[in-house]
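Given as structure tokens, the chain that follows is alone and in the form predicted alone.
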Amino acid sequence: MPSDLKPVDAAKDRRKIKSVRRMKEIMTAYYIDAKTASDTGKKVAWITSGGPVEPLIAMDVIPVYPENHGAMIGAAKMGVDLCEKAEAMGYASDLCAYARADIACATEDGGPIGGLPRPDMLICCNNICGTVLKWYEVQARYFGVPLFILDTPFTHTEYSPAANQYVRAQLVEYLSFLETHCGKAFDRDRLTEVGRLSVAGQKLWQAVLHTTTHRPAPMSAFDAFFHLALIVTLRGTQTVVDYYTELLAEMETRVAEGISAVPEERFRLLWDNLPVWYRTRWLAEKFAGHGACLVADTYTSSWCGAMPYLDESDFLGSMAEAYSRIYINLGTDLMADMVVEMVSTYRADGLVIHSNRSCKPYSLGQYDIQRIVQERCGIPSLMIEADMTDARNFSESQIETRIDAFMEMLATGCSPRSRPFP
């Protein structure tokens, strides 16, 4: 460590996660590959974040995620400008900010990376919301490329055999679609291998997230928001397995050496909904200033929630249930059950709920979840209203006041747990 660092700076430098540099290198190479796909003879498919990417990987198609791009736009603080341009095109301000930013971006190759690479096809799965259906139809028309839509029925309380049969039939159609537009037969043996790597990557990602059960936590949900990129983007590749193996080793080392994400961790909080991309650092520092670490969240854990339903020996067959039972495609009672379990697993002292103006499906039912968690876990909760990408819906003074009051309540013990953890 450089000898000229002050003690405070040295401690801060020690807390930095070293794998960040490797993640940036991988993502840079990934976007370069996608942008030069026409030179290498590969095809590019735009796909929704909750969509089945493994068949694309098996066919050597490069998956690109407009939602990931929307997060990058938000983090680069370019969301307001692009959303306003979409609104000038006639799109309502109430629509998802990811969709508005992406639609505007496509017309001018804008955004932090100069626009996404031109797609050869679009793959849309509605297990995350209904907006993606129209969003991807708009882009399919704009680029003049084929669109495949995978319809996953909403899982209110249970996943029926009829629903499973319905989705499995569509997956067979999905493979036929890829064969037609890639001009080659689908290699099911390759899909089996990709499926194995997908499950391995999800297990490693879950293990990384699980390191925050340790107190103090070696990372926070704000760190997880960043490191999530690979399990979404390149799920089913050796790259993901190798990276999360390295990241897990670093987290385990941090636990062993007592390196914490938040110095002098006092409170452990759970985050619900997507990040506020343009203010993640501010929020992280604001909570850390109160000695609070957001040790887990419902968003990043969604990409390992399919594991109980995946069967490596019949990966294609098990994909139907796995992709239908992701967190955001569940009924409110099932979502609340998962939040209650996370409160117990991570020993959370409080729940922070992001009421996200852009993501209606994620935000619908949050007041019920808030009530259920309070009743069953006896922990207080904080509701903040914002937007994942459009900064016009963020009031710093209002949110700062709410956070300060919430943390003061925790610090003074005004809302102790009324009952033990389940």
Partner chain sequence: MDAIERFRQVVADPKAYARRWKERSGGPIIGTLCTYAPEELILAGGALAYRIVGGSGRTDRSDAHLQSYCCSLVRGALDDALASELDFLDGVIFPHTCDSIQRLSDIWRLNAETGFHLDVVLPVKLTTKSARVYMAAVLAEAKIRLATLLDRPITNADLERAIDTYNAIRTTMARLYALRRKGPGILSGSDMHTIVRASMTMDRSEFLEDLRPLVDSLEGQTGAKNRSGKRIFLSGGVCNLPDLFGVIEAAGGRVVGDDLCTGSRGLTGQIDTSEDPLTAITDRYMRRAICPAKHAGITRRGDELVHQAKACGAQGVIYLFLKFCDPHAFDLPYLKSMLDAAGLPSLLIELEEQTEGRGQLQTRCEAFIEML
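If you're wondering where the values come from, they're calculated on a predicted model, not measured in any experiment. Positions refer to the first chain, counted from 1.
The same protein also exists as the form predicted together with the partner chain; that form is not shown, yet it is the one meant from here on.
With the partner chain left out of view, the stretch that reaches within 4.5 Å of it through heavy atoms in the model of the complex is, among 146-154, 314-322, 249-257, 342-350, 146-154. In terms of contact with the partner chain in the model of the complex, the residue from 200, 163, 207, 175 that brings a heavy atom within 4.5 Å is 163. Only one of 140, 113, 78, 310 lies close to the partner chain in the model of the complex, with a heavy atom inside 4.5 Å, and it is 140. None of the heavy atoms of residue 374 is located within 4.5 Å of the partner chain in the model of the complex. When the partner chain is considered in the model of the complex, residue 378 lies well away from it, no heavy atom lying within 4.5 Å. Shown alone here, residue 69 lies farther than 4.5 Å from the partner chain in the model of the complex, counting heavy atoms only. At a distance threshold of 4.5 angstroms between non-hydrogen atoms, residue 356 is in contact with the partner chain in the model of the complex. Contact with the partner chain in the model of the complex, defined as a heavy atom within 4.5 Å, is made by none of 221, 265 and 301.
Residues of 73-94 placing a heavy atom within 4.5 Å of the partner chain in the model of the complex, in sequence order: 89, 90, 91, 92, 94.
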